[in-house]
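A single chain, nothing else alongside it, follows as structure tokens in the form predicted alone.
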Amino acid sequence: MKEETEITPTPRLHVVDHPLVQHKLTQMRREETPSERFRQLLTETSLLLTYEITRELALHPVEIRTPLTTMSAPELVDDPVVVSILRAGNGLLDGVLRVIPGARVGFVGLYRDHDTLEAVEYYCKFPPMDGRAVIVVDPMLATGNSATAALDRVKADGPGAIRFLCLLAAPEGVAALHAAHPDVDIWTGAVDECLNEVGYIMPGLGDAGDRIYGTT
């Protein structure tokens, strides 16, 4: 195992320590948790994480009529764009869209070369996102290579503020993402100890994609 990397929370790193997030995360970490239950827990947790990551979305006043009178009420200026890093990102996507059903969705397909740990792109499709807030989702922020590559592609389309949402992060991944994209806030359920020699988060929960879909 690699030596642990210390990391100090910053205004760009938000660890969601809500008791329900931490409870569900513990259940997901358990080796014996089956894929069906893992998917359910991930969807439930993503609902809670989405609530936190959307706190600062822009609002504007609109005139509406209630059953009793008219009033000025706050409404989102625009629904954000959500970008899923395939394939594991889709495990978070379902819960995010339950909270923000009007969001447009983009996909970037990346896999990790097991020899170099570098991200290799095989697919990319985005909706228009010029000036819009964007939430990029992937359950694991390990080496940071996939997240960095995905953010490179997103920024090429001229979005507004970008947020990165993950279930678990390693200190090395946080440092790498902030080094490459210091303007991007990270929201996560936990920052674990370190990466092992093959780039997995320790103690972690294994390969999120395999846990979601029952593959090996």
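Each residue number is its position in the shown sequence, starting from 1. Please read these numbers as outputs of a predicted model, since none were measured by experiment.
Same protein, other form: the form predicted in complex with ligand URA, not shown, and the subject of what follows.
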| query | finding |
| --- | --- |
| Which of 126-134, 72-80, 95-103, 140-148 lines the interface with ligand URA in the predicted complex (heavy atom within 4.5 Å) | 140-148 |
| Partner proximity in the predicted complex: Val21 to ligand URA, non-hydrogen atom cutoff 4.5 Å | no |
| Residue contact check: Glu193 to ligand URA in the predicted complex, 4.5 Å heavy atom | no |
